[in-house]
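First comes one chain, alone, set out as structure tokens in the form predicted on its own.
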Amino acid sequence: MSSLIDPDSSTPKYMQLANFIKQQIDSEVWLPRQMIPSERQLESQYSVSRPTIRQAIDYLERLGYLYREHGRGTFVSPRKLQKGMQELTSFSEDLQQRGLQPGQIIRSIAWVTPSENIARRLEIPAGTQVMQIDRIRLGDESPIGLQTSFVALAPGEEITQADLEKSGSLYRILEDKFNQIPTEADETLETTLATVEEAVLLHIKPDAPLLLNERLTYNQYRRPIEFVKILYRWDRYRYVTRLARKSS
């Protein structure tokens, strides 16, 4: 099985291993509460170092896919712990996990010069152009959110309307077309009120409450690749997280 880890791939070894473990969990080869192979077994099977294995396990533990029991080992988390604010998912993946059919209405795709604040967050020089993608996000064909993405691409790279219509997921396009794997994100949440235009697009009344989600997404090399703002209908969307008290 060591051939599953490609030493020549641009994807870090820990991410390759993490993706394989996640696949085993998602396909129910490894079941909730089941102990995963030990570090020694993983080292033997995939010819990767212990630090690489620990990095992969730490990553999946942060996402809620795994949990550790002191003195016993590492286990697959129950399914209810695999969803929530600690998991980085695309809008499409998120809705599918909630049992809804994701959809989109593409309002515009254009090269723009972002604000100084967005340029700074994307760690690009002021005046550098990025792709701005505006979409109405749908769940079971009903408007759920308004999404504006600012994507930092390399010279010569471009996301087209055809790409979005075919894939539906910006994260999938970034990974498949540009080998930019969305890996981590900084996210903030706050409430706001719908403007007249937002209300029309979301089929709600003006001044209805909205959930504003801002997210800065990083690739596998911890470089910012997307800054996105999403306005969610408060009656159609909620966030769930699980908190644990730090041991003293």
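Here the rigid core means the biggest group of C-alpha atoms that line up within 1.5 Å when the two forms are laid on top of each other. Worth saying up front: this structure is predicted, and the values here are computed from it rather than measured. Each residue number is its position in the shown sequence, starting from 1.
The following text describes the form predicted together with the DNA, which does not appear among the structures shown.
Legend entry - The single option of R222, R33, R68, H203 touching the DNA in the predicted complex, heavy atom within 4.5 Å: When the DNA is considered in the predicted complex, the option within 4.5 Å is R68.
Inset, instruction - Report whether the minimum heavy atom distance between E214 and the DNA in the predicted complex is within 4.5 Å. - result: Answer no; every heavy atom of E214 is more than 4.5 Å from the DNA in the predicted complex.
Inset, instruction - Could you confirm whether Y14 comes within 4.5 Å of the DNA in the predicted complex, counting heavy atoms only? - result: It does: once the DNA is placed as it appears in the predicted complex, Y14 has a heavy atom within 4.5 Å of it.
Legend entry - the DNA contact in the predicted complex: T183, any heavy atom under 4.5 Å: T183: no contact with the DNA in the predicted complex.
Inset, instruction - Give a yes or no for Q45: in the predicted complex, does one of its heavy atoms lie within 4.5 Å of a heavy atom belonging to the DNA? - result: It does not: once the DNA is placed as it appears in the predicted complex, Q45 has no heavy atom within 4.5 Å of it.
Inset, instruction - Go through 190 to 198, 23 to 31, 37 to 45, 205 to 213 and give me the stretch that gets within 4.5 Å of the DNA in the predicted complex, heavy atoms only. - result: It is 37 to 45 that comes within 4.5 Å of the partner.
Legend entry - Sequence-ordered residues of 41 to 76 touching the DNA in the predicted complex, heavy atom within 4.5 Å: Contacts from 41 to 76: Q41, S47, V48, S49, R50, P51, T52, R54, Q55, R68, E69, H70, G71, R72, G73, T74.
Inset, instruction - Please check if V228 moves between this form and the one not shown, taking a CA shift of 2 Å or more relative to the superposed core as movement. - result: V228: C-alpha displaced by less than 2 Å between this form and the one not shown.
Legend entry - S44: Cα shift of 2 Å or greater between this form and the one not shown (core-aligned): Shift of 2 Å or more: yes.
Inset, instruction - Taking the rigid core as the superposition reference, indicate whether the CA of Q55 shifts 2 angstroms or more between this form and the one not shown. - result: Yes, the C-alpha moves 2 Å or more.
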